[in-house]
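Given as structure tokens, the chain that follows is alone and in the form predicted alone.
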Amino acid sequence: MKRLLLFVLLSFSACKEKLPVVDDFGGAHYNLVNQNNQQVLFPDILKGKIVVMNYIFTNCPDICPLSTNNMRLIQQRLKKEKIENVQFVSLSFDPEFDTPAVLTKFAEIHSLDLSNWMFLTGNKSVTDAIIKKVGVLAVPNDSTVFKDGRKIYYYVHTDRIQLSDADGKIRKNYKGSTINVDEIVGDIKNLL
């Protein structure tokens, strides 16, 4: 019986080791604004929760909609399995365009459940510092100018969904547009 208990304990410890700490925010605190135009202190606002986070801009024609839809699928799966204490976060690295109102509209258009999902934006220097810290690249690329003078620009950027533990430690990065939902749900369960 003692051997069985020891085996179970060692197996449980080994499962936790499958998700080593990849990075963290190094004690930094960032002033951001959510989709409701409320000031938040990031990552402090997420303390105590498992966090599934992606990095987006709302004019993105390809990766961001795929990544956002995959976040929605993960959220739905967790709700179906009654897994709680998970916060979803989308940080815009294009705050000059992605105002709180634009982020709210983006969530509405994509029929996203904001009960445990927040969209964040802020000063460009702040969002740039955050994405730099976690190794997300966002480089301005081609733009389109319409007849009315309106200009839309695009970014070449890192395709990432990131998983952090309740202490704010980044535990794993995934390719957001093609993430395996079963894999990240398993990893979330591993962190609970």
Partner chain sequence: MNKSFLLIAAITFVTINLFSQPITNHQSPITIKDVWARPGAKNANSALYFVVQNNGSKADTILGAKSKYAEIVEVHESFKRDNDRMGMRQVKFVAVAANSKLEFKPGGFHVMLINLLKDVKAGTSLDATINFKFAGKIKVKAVVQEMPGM
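Numbering follows the first chain given and starts at 1. Everything numeric here is computed off the predicted structure, so don't read it as measured data.
There is also a form predicted in complex with the partner chain; it is not shown, and the following applies to it.
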Of 37-45, 120-128, 22-30, 154-162, the segment with heavy atoms within 4.5 Å of the partner chain in the predicted bound form is residues 154-162
Contact test, all of L66, K105 and N141, partner the partner chain in the predicted bound form, heavy atom 4.5 Å: yes
With the partner left out here, check for me: in the predicted bound form, does some heavy atom of K79 sit within 4.5 Å of the partner chain? no
With the cut-off set at 4.5 Å between non-hydrogen atoms, does L73 touch the partner chain in the predicted bound form? yes
Considering only heavy atoms, tell me if K18 and the partner chain come within 4.5 Å of each other in the predicted bound form. no
Whether I83 contacts the partner chain in the predicted bound form should be assessed with a 4.5 Å heavy atom distance threshold; does it? no
Within 125-148, which residues come within 4.5 Å of the partner chain in the predicted bound form, counting heavy atoms only? L137, N141, D142, T144, V145, F146, K147
